[in-house]
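Look below for two forms of one protein chain, each set out as structure tokens: first structure 1, then structure 2.
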Structure 1
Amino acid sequence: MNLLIDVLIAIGLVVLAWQALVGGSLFRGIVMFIVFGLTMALAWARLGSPDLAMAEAAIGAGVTGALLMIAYWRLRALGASRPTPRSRLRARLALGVGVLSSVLVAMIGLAAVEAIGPGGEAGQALAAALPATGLGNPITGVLVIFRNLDTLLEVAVLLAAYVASRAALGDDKAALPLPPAQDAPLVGALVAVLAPLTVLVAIYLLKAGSQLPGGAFQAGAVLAAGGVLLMLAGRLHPAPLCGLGLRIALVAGTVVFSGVGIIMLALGQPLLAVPGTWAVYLIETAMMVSIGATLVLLFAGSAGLSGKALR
């Protein structure tokens, strides 16, 4: 039964990826991409990686899918959604690129499998370094000890994406049109329950990330989902200016992570070294806030936000 489920997921990924690329319309391609992301989350869960499964479902399928939908509707509003005539040459080139990419990925995978030593040197190095950090989750340990620069750059890339979006849009005429605040009791009750719940879940994922699956990216994605919910319910609206608190939230992850790393370098430690568990929580909290704020603003397509969260 388990083998059958894995085979169905693998076949589904291939079919969905193909449909996302060659779908009959742009809208269909976006829908297939979102479903592909959700199926990929199932694949990561089957592989025993709940961290990646949550990140894929929340960011890869959820937020990215929403951004693609927003871009699609804006293209339609600008009259730029007319389909372009298909070219057989382009289709053949795309097929060739796809085949070569698949071969390349397969070769890299085989090389990675063969490169693993019999003694598991990487695992032994992580097991030796993990107790000093006070962490119990090996994934968080890898990100903190061996891939700290990658983690910092991921937050910096999100910040750069927001800055680039503001430079590209220029003004806020292209901001996402959102519905006005609804006075329906059901909407108000739903928001009143789900908005605080997203904060609690985000805090739990942040706290659990040191010992269990979770962490800043998963917690930030949950916070972003709460912000998107408030916007769709009419509680938050795009604003032309970014307030001081929101600016601090946007740069908190990059500034705090870089600051801790530079201080450790001044103390004679390696760059971006983490002095203890307290520093892990400090960095992860700042990253969670930055990730949530950046994703919400990217969804809104505006410089800031205004309005009361709950009414």
Structure 2
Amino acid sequence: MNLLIDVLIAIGLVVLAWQALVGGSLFRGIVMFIVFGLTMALAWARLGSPDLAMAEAAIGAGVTGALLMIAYWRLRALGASRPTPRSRLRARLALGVGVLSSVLVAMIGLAAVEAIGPGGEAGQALAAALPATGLGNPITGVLVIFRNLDTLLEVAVLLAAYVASRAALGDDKAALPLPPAQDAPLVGALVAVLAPLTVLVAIYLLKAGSQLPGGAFQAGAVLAAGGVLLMLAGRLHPAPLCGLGLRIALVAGTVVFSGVGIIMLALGQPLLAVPGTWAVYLIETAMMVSIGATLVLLFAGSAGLSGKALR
């Protein structure tokens, strides 16, 4: 029975990925991608990774679905309703690159399978070192304490993505067009309930993340989902300038994380050492704020946000 479930999920994922990418109808591809996200959450659940199932839920249901829908709307609004005809040469090149990439991925996968010996030494070392940190969730331990350079770089990559999107969109356009705001009574009632709830759930996920599955990434994604909801309902609007508060929110994760690490270096500890559980919470809170702000701004496609409409 277990095998049947896993095989069904695996086949479903491959078929959904193929259907999301294959041509035909653009909207069908978007819906297939949304369903792919749902199935991916099930796959993580089966693999015993509730943390990743949560992240998939928050990102997939809260941000990507709406982002793709709005991108579809923008494509049509900008008059790109017909996809450009494909060139045969490009298709052949893509096939070659695709095959080479698959071979590379397969080789890395094989190497990874062979590299991990029975028992997993890193896992044992983690289990031995975790109680001393006061954390109960091994994933938070790895992300914030044991392998925190990787996490710091991930937060920096998000910041870089925002800067790159600003560079790509340029300053001439204040913001990409958004569909007219939904101000139906039902949407207003939903926002009144859901927007405070996203903040509450984000703080819960952050707090729970030290002992149970959860953490800054999931919490930040939930916060971002709240921001996306406010934008769709017309309570938040894209703005041409990034306010001071938003600037602080954007860099908070990178600055606080590296700041704590550098202060520890000055105190004679190794670089990026984390002094205690309070520092873990401090870093995770800053990361949550940065992740939420960056995702909302990437969704808006604008430099900043404001409560008032531009036009």
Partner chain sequence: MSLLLPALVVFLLLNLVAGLWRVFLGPTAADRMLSALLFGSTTVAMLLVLAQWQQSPALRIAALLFVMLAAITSIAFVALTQGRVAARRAPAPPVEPRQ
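Everything quoted here is computed from the prediction, not taken from an experiment. Sequence positions of structure 1, starting at 1, serve as the residue numbers. The term rigid core refers to the most C-alpha atoms you can superpose between the two forms while keeping them within 1.5 Å.
Between structures 1 and 2, only structure 1 derives from the form predicted alone. Relative to the superposed rigid core, residue 35 undergoes a CA displacement of at least 2 Å between structures 1 and 2. With a cut-off of 2 Å and the rigid core superposed, residue 279 has a Cα displacement that falls short of the cut-off between structures 1 and 2. Once the rigid core is overlaid between structures 1 and 2, residue 70 counts among the residues whose Cα shifts by 2 Å or more. A C-alpha shift of 5.6 Å is found for residue 96 between structures 1 and 2, based on superposition of the rigid core. Overlaying the rigid core between structures 1 and 2 leaves the Cα of residue 59 displaced by 2.8 angstrom.
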